[in-house]
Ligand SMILES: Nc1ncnc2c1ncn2[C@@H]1O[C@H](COP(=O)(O)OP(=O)(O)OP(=O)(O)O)[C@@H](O)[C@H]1O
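A single chain comes next, written as C-alpha cells; it is the form predicted alone.
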C-alpha cells in the first residue's frame, strides 16, 4: 500500500469514528411473568445502529425480536440496560419513531388519503396536502387517494402503512415482519419498493424477520439472535449492491453463514 493510500484509509477511518450511532442498545435484558414463572426473553443485548442504516433482526420465533423492537419504540421497559436514540434514553413512545406491523394498522373506514394524513394534523392544510401527495406518489399509490382499504390488495394496504409512516418524517422506522402476510410474489415486490424508498429517503430502519432471504435482500447488516433468551449470536455485514443478485457466490456464502448461525445445516 502506498503512503497516499494509507492516508486515504486513515482519513476514512477517522470519518467513520466521527459518526455517532443513531440507536444504541446497551446491556438490554427483559423478563416477563408468565403463570407464576419468570420468562427471560432477552439477555445482555448490545448493538449500535448508524444513522440511515438498514438493520434486520433475524432469529427463530420467540427469541425476543419483537420485544426488542417494542422496547426501542417505548412500548415496553427494560429490566436492565437502556436504549438511546440520538443520546436520549427511550422511556415512552414518540411521533419521531413509527411502527409498521404485519397486520395492517390502517383504518378501514378511512380513505388512503385520510390514513396518510393521520399524523399530519399539526401541519397547515396546504402543507398537509403537499406532504400527503408526495408520500402517496412515493409509494406508488397515485390515483388511489380516494380508495378505501377494502378496495385495495394486500400489497397496496402495506404501501398505505409505509406511506403513513414516512409522511411524518420519522427519525427511525421499526418494521415488525411487515410483509409476512403477503404472498411470495408480492413480498418480493414490496422488498424492492422498500429499498427504493429507503435509498431515496434514508431513514434508519430496524426490521424484524425470521426469513433469511428477506434479511439478505434488505439489510446493510443482519443481527442474528439466539433462541430464547435472545442474545446476539453475530452481526453479519451484507456488503452487496442493490438490487442484490440472488445467484451470486457472495449471496450464497452469507446465506449459508446465517443458516449455520440459526442451527440449520441442510438448507440447500
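Keep in mind the model is a prediction, meaning the values are calculated, not measured. Positions refer to the first chain, counted from 1.
Another form exists, predicted together with this ligand; not displayed. Remarks below refer to it.
**Message:** Taking this ligand as it sits in the model of the complex, is residue 52 in contact with it (heavy atom to heavy atom, 4.5 Å or less)?
**Reply:** Looking in the model of the complex, residue contacts with this ligand do not include residue 52, since no heavy atom lies within 4.5 Å.
**Prompt:** So in the model of the complex, does residue 41 come within 4.5 Å of this ligand, heavy atom to heavy atom?
**Reply:** So residue 41 counts as contacting this ligand.
**Message:** Against this ligand in the model of the complex, would residue 228 count as a contact residue? Criterion: heavy atoms within 4.5 Å.
**Reply:** Answer yes; at least one heavy atom of residue 228 falls within 4.5 Å of this ligand in the model of the complex.
**Prompt:** Could you tell me if residue 29 has a non-hydrogen atom within 4.5 Å of this ligand in the model of the complex?
**Reply:** No, residue 29 sits far enough from this ligand in the model of the complex that none of its heavy atoms falls within 4.5 Å.
**Residue (of 171, 114, 177, 79) lying close to this ligand in the model of the complex, criterion heavy atoms within 4.5 Å** = For this set of options, the contacting one is 177.
**Asked** Which one, 205, 216, 63, 223, lies within 4.5 Å of this ligand in the model of the complex by heavy atoms?
**Response** After the contact test, the surviving option is 63.
**Request:** Please state whether all three residues 97, 189 and 242 have a non-hydrogen atom within 4.5 angstroms of this ligand in the model of the complex.
**Result:** Spot residues vs this ligand: no contact at all.
**Item:** Segment assignment from 30-38, 44-52, 233-241, 195-203: heavy atom within 4.5 Å of this ligand in the model of the complex
**Value:** Going by heavy atoms within 4.5 Å, the stretch is 30-38.
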